[in-house]
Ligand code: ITT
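Only one chain is given next, in structure tokens, and it is the form predicted alone.
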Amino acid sequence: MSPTVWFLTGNAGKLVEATEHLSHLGYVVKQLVVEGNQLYEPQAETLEIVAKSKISQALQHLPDEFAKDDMILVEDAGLFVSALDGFPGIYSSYVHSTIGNLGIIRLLNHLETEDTVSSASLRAAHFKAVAAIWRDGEILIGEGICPGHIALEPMGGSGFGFDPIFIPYDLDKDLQPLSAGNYGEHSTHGKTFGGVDLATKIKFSHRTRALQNLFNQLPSA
């Protein structure tokens, strides 16, 4: 029987990405849903601390069908914009719900009018994801980073969060990110995460990289 991973998330997009990746590794992914307003987002300095807090909370809300060998997966991610000193970072979810994608673009446009840095440097950013899994009392953590830059305006109607304004850098033949201005074997051709299909996004995704890093620490299913 395939091992079951219970993913604590209310985000349908994250669930689809994780299921797509982990199903190929032989895992069954089920959504762990906590009813009502019983979970809280800790005010922490790192994504790792947030992920561990989510694990602790998830352990208090296990479903009745949770089996002995089942695992709990949580994930936290943030958009880090260089010219904004890493903002919104760990506050990405809150910032997206308040000022949204256009708010980030307006902040960068304001800096650009001050001519403080070059446009390329101004819009440099990266997504970082931290995935944590609880397995038989042990917590393992993996992380993934996707470098890129912020678009001049939102693009595409798919994706979630800051996907419509983030353009990832190209990848080489081994799917490793290249630096700004370099062309690779894999590219979104200037499209944001919101403007590409799921299969393309997964190649670049910080979330995929975090899951790869995490599940490489586990025996194969």
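Just so it is clear, the structure is predicted and the values come from calculations on it, not from any experiment. From 1 onward, residues are counted along the sequence shown.
This next part talks about the form predicted in complex with the ligand, which is not shown.
Comment: 70-78 is the region of 70-78, 103-111, 147-155, 132-140 lying near the ligand in the predicted bound form, near meaning a non-hydrogen atom within 4.5 Å.
Using a 4.5 angstroms threshold between heavy atoms, L8 counts as touching the ligand in the predicted bound form. When contacts are judged by a 4.5 Å heavy atom cut-off, D170 does not count as touching the ligand in the predicted bound form. The shortest heavy atom separation between R209 and the ligand in the predicted bound form exceeds 4.5 Å. The closest heavy atom approach of S93 to the ligand in the predicted bound form falls within 4.5 Å. In the predicted bound form, F127 is the single residue of 123-139 with at least one heavy atom within 4.5 Å of the ligand.
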